[in-house]
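For reference, the chain that follows is the form predicted on its own, supplied as structure tokens.
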Amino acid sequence: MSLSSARKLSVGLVGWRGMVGSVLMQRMSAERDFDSIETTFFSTSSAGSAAPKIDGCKVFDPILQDGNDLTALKAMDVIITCQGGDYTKAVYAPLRAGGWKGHWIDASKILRMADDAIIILDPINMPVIQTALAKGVTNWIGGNCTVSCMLMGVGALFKAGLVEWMQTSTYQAASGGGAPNMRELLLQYGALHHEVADLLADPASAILDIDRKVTAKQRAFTDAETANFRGVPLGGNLIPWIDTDRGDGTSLEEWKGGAETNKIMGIGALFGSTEIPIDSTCVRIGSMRCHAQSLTFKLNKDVPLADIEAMIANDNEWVKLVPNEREATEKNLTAMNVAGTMNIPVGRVRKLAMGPQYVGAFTIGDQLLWGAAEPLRRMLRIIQAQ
């Protein structure tokens, strides 16, 4: 579809009330994205109600439109959806079958690996996006949150063609599972504290007595108290499995690490090249927000550590190289430091004992920003610029 820069694009927003959608609205408001578009809000549950009032957003249509109304959706030049995979499954194919040729920008995973879709992360893969635009591609899909945050940190090594293989162990926050999971985690922490509050108030109490009571309480949580993490408490715990079992000893989340990294970078059969092997072990941890990763790279040649650090530090304006020192690491390379910011710290960068071509690193990012909402709003800007 050819979009004229002489008029504002009509943009339909679906799923704007959820966790990712709310962050997207905040970012679009902060960056004044609404100034240059004609905004129509859609809802799958409250059609006919008044459209939301968002700072800086003068809506084109003051009434919430039906998110399942294909005719209303077809009137949009661009649709941005954070509604989730079930919505994409229900609406996308009939919309395209009905002749709609607009741009579909989607936070869900459903279309990520489709041949006619590009996973968007423009500070890292702008050449891939530009090539796709020139070919008429109109499906733009946000990547896996952990993969996107990782590439924002160390994408420079992939851009330089230095990575022979990579292994990652992830440390993923409760928010990766959604808002109910975050609530469940906090309720569990509260219950654990309540269980031992009297002992904690007594300085003379034995820590092993406290520990025993905490463990017993964790094991006694009911199905209702652990429903969102499939019957396993995350409070004071970790879960070394995320997403569905692929039946080959890996989870879907671990598969995404390799499949999506290669596609984002324009590597693999779809692009006429050989994929870079990437293996992951994905672990859910009891933090609220931000996903972190411990990375091991095998480079295809020996590169001085100072050059590696310079490539990482200079790749984009959001990556922040943290010196591999204890104080700097403890202060800067943490979820508490990163939550709610656009920064992507990368630290613990060092050569490994396995040999000069082996490099270790640790990175962390707010998965609701670069891992979810931010690439969507930036893709809208890129479309506007065509």
Ligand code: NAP
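Take the two forms, superpose them, and find the largest set of C-alpha atoms that agree within 1.5 Å; that set is the rigid core. Just so we're clear, the structure is a prediction, and the values are computed from it rather than from any experiment. All residue numbers are counted from 1 along the displayed sequence.
There is another form of this protein, the form predicted in complex with the ligand, and it is not shown here; the text below is about that form.
Undergrad: Can you check whether the pocket is open or blocked when the ligand is overlaid onto this chain using its placement in the predicted complex? Blocked = 3+ ligand atoms within 2.4 Å of backbone or C-beta.
TA: Open, going by where the ligand lands after superposition on the site C-alphas.
Undergrad: For the chain shown here without its partner, which stretch in 232-240, 116-124, 179-187, 69-77 has non-hydrogen atoms within 4.5 angstroms of the ligand in the predicted complex?
TA: In the other structure, the partner sits against 179-187.
Undergrad: Please determine whether Ser49 contacts the ligand in the predicted complex, using a 4.5 Å cut-off between heavy atoms.
TA: Flag for Ser49 set to no.
Undergrad: Are any of the heavy atoms in Gln83 no more than 4.5 Å from a heavy atom of the ligand in the predicted complex?
TA: Output for Gln83 is yes: heavy atoms within 4.5 Å of the ligand.
Undergrad: Can any non-hydrogen atom of Cys282 be found within 4.5 angstroms of the ligand in the predicted complex?
TA: Result no; Cys282 lies far from the ligand in the predicted complex.
Undergrad: Would Ile364 count as a contact of the ligand in the predicted complex, using a 4.5 angstroms cut-off between non-hydrogen atoms?
TA: So Ile364 does not count as contacting the ligand.
Undergrad: With the ligand left out of view, choose which of Ile264, Ile141, Met166, Cys145 has a non-hydrogen atom within 4.5 angstroms of it in the predicted complex.
TA: Answer to the contact question: Cys145.
Undergrad: Identify, from the list Thr44, Gln26, Thr341, Asn332, the residue with a heavy atom within 4.5 Å of the ligand in the predicted complex.
TA: Going through each option in turn, the one that passes is Thr44.
Undergrad: Quick one: name the residues from 366-385 with any non-hydrogen atom within 4.5 angstroms of the ligand in the predicted complex.
TA: Those in contact are Gln367, Leu368, Gly371, Ala372.
Undergrad: Quick check: Leu64 between the shown form and the other one - does its CA shift reach 2 Å or more after fitting the rigid core?
TA: It does, since the Leu64 C-alpha is displaced 2 Å or more between the shown form and the other one after the core fit.
Undergrad: Once the core is aligned, please say if the CA of Asn343 is shifted by at least 2 angstroms between the shown form and the other one.
TA: No, shifts by less than 2 Å.
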